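The data below hold one chain only, encoded as structure tokens and taken in the form predicted on its own.
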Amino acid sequence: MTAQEVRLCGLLLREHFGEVVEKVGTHLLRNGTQNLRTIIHETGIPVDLVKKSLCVLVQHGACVFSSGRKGPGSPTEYQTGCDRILRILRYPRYIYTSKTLYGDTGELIIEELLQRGHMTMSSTVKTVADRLTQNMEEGHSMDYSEVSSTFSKLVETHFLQRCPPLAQKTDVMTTATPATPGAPADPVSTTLSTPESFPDCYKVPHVTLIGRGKRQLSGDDGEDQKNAKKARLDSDTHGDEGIYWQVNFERFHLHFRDQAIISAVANKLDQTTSEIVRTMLRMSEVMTAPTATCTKPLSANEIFRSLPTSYNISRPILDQYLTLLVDDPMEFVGKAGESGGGVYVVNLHRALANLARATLESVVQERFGSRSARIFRLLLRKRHLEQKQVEDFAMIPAKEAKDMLYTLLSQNLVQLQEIPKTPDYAPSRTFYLYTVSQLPTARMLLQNCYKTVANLIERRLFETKDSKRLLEKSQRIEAILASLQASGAEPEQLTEVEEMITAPEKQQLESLRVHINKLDSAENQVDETIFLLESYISSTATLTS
């Protein structure tokens, strides 16, 4: 891991869990696997705070623990990794995706599980039903069965998965709050559980949960106590005690990858072509391994039968579209045989490589202009070119081409390769070839993206801290207004409270809100680039291993 990754992880931990968890997490990132005594000694944090911090990290899947390396009886050791912590950056995207696919109920289920790390199905259903009921009109409430149905759909499509059973307990785990039931069964592993390692990973238990969501009634304390008592009495009858659930991040990442491919096809060709690719990806998503370089082969007949009826495409037209996809230079779709009217696959690795390549070209164009992007694109396609060849092929004057090449070289976007004619490396007898290595360039750009996101987070924290007093005043006034509206106050009273914030303060708050929204939007946009580059690098590593 690099310094930029550790810096970004520290900012994410501080923003979501506080400074103590940040200090423990970054210490483990920098120093690797350590036991509890060593962490306490080197960080100088009290033992109870270290235990609670480790429990928070384990609860959210950001830390794993294992028995000591010195054999049975040795102290438990803890380990964390940047990849688990960096997932926090993508939380808004996970929530938005679940809202798009499964509505408000799916959104709240994913949000609750992301906030708490691990939960049982019954407690998740109750919490989500209560939240939905709170936002409904008076007299309406959300039935538990509707939330349970959405929860089951999320499990069926593998967006949620069971936490493997706890294999062992340590001194830290036994002294903490119930934040540990979902700790990984194989502590040494740094990956999420898979159906192969845990056979009941996607098995929904039979939950006996009957009722509807309840509103929080602040004025009826007796009723609240009665409901709380009833919940305690019924807690043993739900049938899912000890079965905890977590978000399957890898499944979301596969969905993001497929959506990126579909969007690229739609932009390159048309909507009908993208729907054909979407159908192919949907048909093969269960049969294709997450690390596969291409999907399972599908015949044209199978694709034709699975297309949405709303498109009303005839079989000859489908064949023409498939031929167009196969002949396209981007090579998103390939032909694997002739049986069944033709057998086709989606080239996942090649698609990611082309998307990463387009991203690199876009970055060069934005930073150095269209002519530099033309040279960069030329080197990507021709692999190795001399300076004179670059000038001729790119049709750029010699002086400008030389300046642009040297600028790209100084930024490590272009490499210079020397091929001597003689062993003495004399300049007059040496070929100097310019080239672009896509994978190292993608890795460098990924580190720049980590640095950019860290800068955006720091700027947002600075802006918020700088206007802290004004924000606190605004929140207090909003709370007073909400309380007065709930008690049926007169309009004059509400107006009097609203005037406690002066016009300049309102203008300052609006300006801050716009600025913070821009920073948040920029974070999400950079994260899309991060995801694309990470997927390409991971796919290339799988291909070469």
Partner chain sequence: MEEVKVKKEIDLSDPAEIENRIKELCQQFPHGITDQVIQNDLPHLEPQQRAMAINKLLSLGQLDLLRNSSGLLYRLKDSQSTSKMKGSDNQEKLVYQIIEDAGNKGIWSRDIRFKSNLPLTEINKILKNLESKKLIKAVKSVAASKKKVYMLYNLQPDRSVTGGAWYSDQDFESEFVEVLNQQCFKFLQSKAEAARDSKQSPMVQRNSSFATSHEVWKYICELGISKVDLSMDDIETILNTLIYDGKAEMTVIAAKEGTVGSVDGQMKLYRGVNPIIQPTGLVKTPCGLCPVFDDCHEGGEISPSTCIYMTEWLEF
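Numbering follows the first chain given and starts at 1. All figures in this text were calculated on a predicted structure; none of them were measured in a lab.
What follows is about the form predicted in complex with its partner chain, which we do not show.
Enquirer: Does its partner chain come within 4.5 Å of a heavy atom in each of Tyr321, Leu355 and Ser370 in the model of the complex?
Expert: All of them do, each having a heavy atom within 4.5 Å of the partner.
Enquirer: Name the stretch, out of 86-94, 242-250, 467-475, 265-273, where some heavy atom lies within 4.5 Å of its partner chain in the model of the complex.
Expert: Stretch 265-273 is the one.
Enquirer: In the model of the complex, which of the listed residues (Lys451, Lys296, Arg278, Lys153) lies with a heavy atom within 4.5 Å of its partner chain?
Expert: None of the other options qualify; the answer is Lys451.
Enquirer: Of the residues Glu137, Glu366, Asp424, Glu338, which one places a heavy atom within 4.5 Å of its partner chain in the model of the complex?
Expert: Selected residue: Glu366.
Enquirer: Is the gap between Glu458 and its partner chain in the model of the complex 4.5 Å or less for some heavy atom pair?
Expert: Result yes; Glu458 sits at the interface with its partner chain in the model of the complex.
Enquirer: Test of understanding: in the model of the complex, would Met395 fall inside 4.5 Å of its partner chain by heavy atoms?
Expert: Looking in the model of the complex, residue contacts with its partner chain include Met395, since a heavy atom lies within 4.5 Å.
Enquirer: Is there any non-hydrogen atom of Arg381 lying within 4.5 Å of its partner chain in the model of the complex?
Expert: Arg381: contacts its partner chain in the model of the complex.
Enquirer: Evaluate His349 for contact with its partner chain in the model of the complex, applying a 4.5 angstroms cut-off between non-hydrogen atoms, and reply yes or no.
Expert: Heavy-atom contact with its partner chain at 4.5 Å: absent for His349.
Enquirer: Of 512-529, which residues get within 4.5 Å of its partner chain in the model of the complex if you count heavy atoms?
Expert: His515, Lys518, Leu519, Ala522, Gln525, Val526, Thr529, in sequence order.
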